[in-house]
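One chain comes next, on its own, written out as structure tokens in the form predicted on its own.
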């Protein structure tokens, strides 16, 4: 069987079958806590459209995104490491060095802290 045939025919059919099974077999009991919006672990206040949001969650998410994308850039190097030889390895070491410097600067600036300093 061709890989493209598997990708474009079998995968959508399988996903629709699994979704249909979920709709048919899932329990349908809803209660107030289940249908209420979840706001970072804080209880929602009735009638309030905006609430306080700790920016620390956003900063951690952005830092994770940046480091995750930088690590993703190393996957092609890992696949072709034998073809790029020493030059590619030196470039990867420089990349890791710059990545480590950025991580140390973020820890030093207090963007990433393992203790809760907001209390």
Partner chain sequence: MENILLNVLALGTLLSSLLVISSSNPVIAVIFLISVFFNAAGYLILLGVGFIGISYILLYVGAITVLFLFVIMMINIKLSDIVETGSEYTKNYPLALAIGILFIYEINNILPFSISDVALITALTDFINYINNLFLYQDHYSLVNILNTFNPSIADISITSFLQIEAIGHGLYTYGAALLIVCSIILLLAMTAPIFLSRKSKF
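Numbering follows the first chain given and starts at 1. Whichever C-alpha set is largest while still superposing within 1.5 Å between the two forms counts as the rigid core. This structure is a prediction, so every number in the text was calculated from the model and none was measured.
Keep in mind the form predicted in complex with its partner chain is missing from the figure; the text below concerns it.
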| query | finding |
| --- | --- |
| Its partner chain contact at residue 29 in the model of the complex, heavy atom, 4.5 Å | no |
| is_contact(residue 102, its partner chain) in the model of the complex, heavy atom dist at most 4.5 Å | yes |
| Residue 35, heavy atom within 4.5 angstroms of its partner chain in the model of the complex | no |
| Proximity of residue 22 to its partner chain in the model of the complex, heavy atoms at 4.5 Å | no |
| Its partner chain in the model of the complex - contacting residues of 86-106, heavy atom within 4.5 Å | 87, 88, 91, 92, 94, 95, 98, 99, 101, 102, 103, 105, 106 |
| Core superposition between the shown form and the other one, C-alpha change of residue 104 at least 2 Å | no |
